[in-house]
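Quick setup: the structure tokens below cover two forms of a single protein chain, split into structure 1 and structure 2.
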Structure 1
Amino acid sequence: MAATNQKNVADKTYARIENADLIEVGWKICVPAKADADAFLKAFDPNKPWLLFGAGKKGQLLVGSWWTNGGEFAGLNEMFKLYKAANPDVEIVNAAIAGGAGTNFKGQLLTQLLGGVAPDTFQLHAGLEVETYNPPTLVVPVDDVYKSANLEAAFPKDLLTLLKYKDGHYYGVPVNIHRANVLWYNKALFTKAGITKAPETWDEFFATADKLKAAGITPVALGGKDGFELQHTFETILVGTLGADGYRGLWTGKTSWKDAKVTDALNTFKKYITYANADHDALSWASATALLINGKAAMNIMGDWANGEFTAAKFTDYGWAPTPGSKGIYDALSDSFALPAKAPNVDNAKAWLALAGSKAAQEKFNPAKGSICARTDCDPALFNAYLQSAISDWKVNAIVPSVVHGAAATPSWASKGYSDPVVLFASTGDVAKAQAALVAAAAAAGFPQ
């Protein structure tokens, strides 16, 4: 694989092998001499998979992310094309690891960074998620990229505030803005059940779900396999039940987790799950989205990366609305790229970061990914109808930070303190026990209840 990929750098008649288990009939490959193969294997380190790929005259660019699904990969690939065009002597190595919200990627990355092994750049949610990597020990500031590319003038003030860490430095360059609180629905299934509009309240939602059920249609498509879908759904229910100020207050100590509205949100979530596909624990978010695409279920609460899946699948018969109770609120997250302290190709990484923040890259990446630009100067005409609505809402809605996607709380609170009780609750349905655990977690995070 390594010999073939190195040949491919200079001679494109040779194959570029991404997966050692997949070599197609007809590919031109290089079989090295035994001495060369032995020398390679003697030096090869399985923790450095990029050694299996070739290097250009200016080395490699190893990009770590969890973007492997249809819209995700399509967007990332658009950035790869732009980078390669501007840097033809750099060989790009896509080090993506599947798993929504980075549930698999983040753990493996942290192990690598602690072991002194790093990609050149990696995907990082804007906000407090950076604390996972103990800045500036495992990741280093990218203030120089902001200055050279004039990025402070390109991004909105609130996003810059989210991006700037408490030490006054930037550790990531954002490429997009996602909305978490979206209710997607299959228009044909709504029509079949005699439903004419998306529900705006939870009472309307459950009435709609009952109509769908009576028509023999699974009301809700839900996943759980990637380890974030349940928590994501409950987050949007909290937003819709507590409102923008009440939800924000959960993460600053202004709202108590003992609040009766948190109890209401738990009861709503418990009821919501009863309308979902029975195999939700076995499905990823993308598989759950596919249920809606394939007409197997009618509604799905998911971030607008689902819009990228619709685009990749050429599925257009869908509608959208804010999740019940959250009209006028934008539950936001942003993907950025960071620079590890031990990045092997720093110059190549900084060229990638500058590209990630550019207008050209964001206008190519986001329509495919199903997100809107982090920049304020992108052309809305390049985006589909849903994304144009998101662009409009982003300008006028109340913005709240996603906890599941790294913006609202410290990593330990978001994972052990918030995520674990919600996942346990989804299986037990014990409202009192779940709320007590959430109260305890907030107190442990420094906000006595």
Structure 2
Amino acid sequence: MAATNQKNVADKTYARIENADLIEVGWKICVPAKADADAFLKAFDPNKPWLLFGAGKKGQLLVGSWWTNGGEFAGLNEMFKLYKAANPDVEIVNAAIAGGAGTNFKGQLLTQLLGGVAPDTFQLHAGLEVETYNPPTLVVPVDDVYKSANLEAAFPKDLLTLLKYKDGHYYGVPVNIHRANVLWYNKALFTKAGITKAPETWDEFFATADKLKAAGITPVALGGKDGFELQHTFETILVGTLGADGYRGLWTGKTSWKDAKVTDALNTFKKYITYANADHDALSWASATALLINGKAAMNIMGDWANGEFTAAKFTDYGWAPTPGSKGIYDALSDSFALPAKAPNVDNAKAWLALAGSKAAQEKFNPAKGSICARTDCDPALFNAYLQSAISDWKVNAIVPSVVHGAAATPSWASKGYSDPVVLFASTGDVAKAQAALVAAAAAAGFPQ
């Protein structure tokens, strides 16, 4: 069988056998020499039945991700091409499941991993999201890839700190970096309201917002349909109010959630919502971005995937700045690839991980996806104007982990302890209660205040 299928790779007149029990009349098949057949059966692993079908001499590479549309899919395909060129004997299987931020993929993957079935590698937000997979039980360290591909020299120090799990190992190789703390604005509306520069502090922000309001313009475009938009905005406010060290400390127990600055951040958030479009609870982040594109609202806080929406809509009259108070800080999230403990083709997976960390792959992937390289040595000329500014910031800024996007805290803290009080707060505006709930969440996560 393997002989026939291998023959099929070079000569399509040979049949490709997909089902071991089925050979049809009229198929041209290749009978191996006895020595070959003996060798094949001896090396054959009944636990890896797909090898029977000669997926390539070296088997398959199953890549799990939630990249299924637009730029992200194009980027992934570029990586597949590179991999195929370097490993022609491996068949790549794209095991992607659609769904923004991996909501569908993660649930499915976790069920599979718990059941003992694993892809060879899968997409993972870098940082504490790895705890979803209980390292090192379901995923295993990839330190040797870091060593062989010399990745420690390629990534910024702050990123390495973020990637290193508390047991001192790396569990994923990052391919890209997104920035969460970006304030986008519509230049035409700014000009109309007589505003000349983007606000740098929250006081300036609200002064700007008042000017816009006076000019009859909705100051802030906000989405809230999926809840995460609100949590995302509040996260950037925390970053801007507490600074890099203060914000980092929130997730390590060094900064108390009882801090007066958290109270300030809650008050700022409350005020921020009052400047937003009235229907914010009905809109997704992309619809909120569309308000800015269509000139219906002037400012929007969103991660730099919004830049992809601008490009897709051929909208160029926008400006950007770090969210108020967060100049010099890069609130980062990163997609990485991890290695499951039960990966069927470990060698293929490791080759993939090394590729994911390489300059060649990152330079192909990121311009398509609309993110920047995790490496610091990519050629900026390949990227658009916004991304170029992000690249220069990435090299010098303090890097802090995004909580909403899986980097800063364990899943239970990030998607319940932190997020539920923020959703409640956005509707009640009860600062004291929200802060108490956030304190309780930190305590539940193991950081009593």
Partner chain sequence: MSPKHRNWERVVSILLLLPSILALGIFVYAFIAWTGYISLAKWDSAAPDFTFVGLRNFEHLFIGDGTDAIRFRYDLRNMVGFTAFFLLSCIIIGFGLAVLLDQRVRGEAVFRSIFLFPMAVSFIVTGVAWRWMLTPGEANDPVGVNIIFTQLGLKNLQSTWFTDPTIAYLSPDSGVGAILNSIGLGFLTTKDFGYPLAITSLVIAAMWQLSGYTMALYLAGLRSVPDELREAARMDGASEVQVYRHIILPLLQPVTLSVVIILGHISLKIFDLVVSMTGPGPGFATDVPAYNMWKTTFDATLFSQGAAIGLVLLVLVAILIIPYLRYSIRAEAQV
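Quick note, the numbers are simply positions in structure 1, starting from 1. In this text, all values refer to a predicted model and were calculated from it rather than measured experimentally. Basically, rigid core = biggest C-alpha set you can superpose within 1.5 Å across the two forms.
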Only one structure is the form predicted together with the partner chain, namely structure 2
Take I177, N69, E229, V220 and report the one at the hinge of the rigid-body rearrangement between structure 1 and structure 2. I177
In degrees, what is the turn of the smaller rigid part relative to the larger one between structure 1 and structure 2? 21
Keeping the rigid core fixed, what distance in angstrom separates the two C-alpha positions of A368 between structure 1 and structure 2? 3.8
If the core is used for the superposition, what shift in Å does the C-alpha of G168 show between structure 1 and structure 2? 6.5
